[in-house]
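Below sits a lone chain in structure tokens, taken as the form predicted on its own.
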């Protein structure tokens, strides 16, 4: 192997080790407060760990080539032609193909199957979500009331451990229903009902953690960024007491 190849290999190794150390030891996700969030975080973390060696190789090649083979002064003619190394190309194709297949199968298909299995479990509560510029309305039909983000005291309240199905729609334009602490996100489409399943595993309140909020994640107009609704996850007894006050 040439000297240049050895240097690039060492740079790649250093970048890969540093990147993997960060990926395995640094917590870069917000709080995860649902079973679905844990599955999504694990899948995303694996994708990052698999992508680091590939990205590190690209960076190592680009940086070394730019520094080692740069032309000083104004170029007078084209550089000499270069030929690809078939062994390097074959190895690169093989490794990246294997990583792509691995990413598709696990965590891609595996993670989706886990989410579908959770969605197939018995539902404890159905909440109807309606998006409109620039508000959210949450309907608790079985209890006979709804909450509205335009009311400063209203919020979306969920009992911990309950399997909640959100039936989501819009009355005007495309919105996107997203609760960062739960990770699950889906479009709110006019004339159509989309569905998200969530089972909260952690108590939480928007006043203590901004990730406990309904956030529109689809650009819908000038006040898109303000289209939010506080979320609170409480015990079953607290939820029943809250329902009583709303009724």
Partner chain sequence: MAALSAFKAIGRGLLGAAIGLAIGWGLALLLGAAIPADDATIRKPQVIIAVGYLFALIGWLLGVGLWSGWAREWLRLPTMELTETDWRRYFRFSLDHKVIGLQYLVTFVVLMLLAGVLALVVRVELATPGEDILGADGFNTVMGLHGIMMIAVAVATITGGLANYLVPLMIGAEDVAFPRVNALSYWIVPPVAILLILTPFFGGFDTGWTAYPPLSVVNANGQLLFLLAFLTFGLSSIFGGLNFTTTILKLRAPGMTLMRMPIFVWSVLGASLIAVTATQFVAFGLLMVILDRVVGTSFFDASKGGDPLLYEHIFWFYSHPAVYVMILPGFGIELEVISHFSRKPLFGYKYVVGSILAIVFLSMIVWAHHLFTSGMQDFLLIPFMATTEVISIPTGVIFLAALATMWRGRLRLTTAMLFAIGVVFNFLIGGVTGIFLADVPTDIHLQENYFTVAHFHYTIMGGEIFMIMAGLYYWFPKITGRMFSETLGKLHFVTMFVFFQLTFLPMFWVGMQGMNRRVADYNVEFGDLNQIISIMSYLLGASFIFMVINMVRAWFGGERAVGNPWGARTLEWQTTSPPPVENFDAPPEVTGDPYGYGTPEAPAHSSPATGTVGN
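All figures in this text were calculated on a predicted structure; none of them were measured in a lab. Note that the rigid core is defined as the largest set of C-alphas that superpose within 1.5 Å between two forms. Numbering follows the first chain given and starts at 1.
Keep in mind that the form predicted in complex with its partner chain is not shown, yet the notes after this line are about it.
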- Query: Where does its partner chain sit in the predicted bound form: which of 79-87, 143-151, 156-164, 124-132, heavy atoms within 4.5 Å?
  - Reply: 79-87
- Could you tell me if residue 32 has a non-hydrogen atom within 4.5 Å of its partner chain in the predicted bound form? no
- Should residue 2 be classed as touching its partner chain in the predicted bound form when contacts are defined as heavy atoms within 4.5 Å? yes
- Query: Does residue 59 make contact with its partner chain in the predicted bound form, using a 4.5 Å heavy atom cut-off?
  - Reply: yes
- Message: Taking its partner chain as it sits in the predicted bound form, is residue 226 near enough to touch it, meaning that at least one heavy atom pair lies within 4.5 angstroms?
- Response: yes
- Message: Going through 21-50, which residues have a heavy atom within 4.5 Å of its partner chain in the predicted bound form? Please give them in sequence order.
- Response: 26, 27, 28, 29, 30, 40, 43, 44, 47, 48
- Message: With a threshold of 2 Å on the C-alpha, tell me if residue 81 counts as moved between this form and the one not shown once the core is superposed.
- Response: yes
- Message: With a threshold of 2 Å on the C-alpha, tell me if residue 223 counts as moved between this form and the one not shown once the core is superposed.
- Response: no
- Message: Is residue 68 displaced by at least 2 Å at its C-alpha between this form and the one not shown when the rigid core is overlaid?
- Response: yes
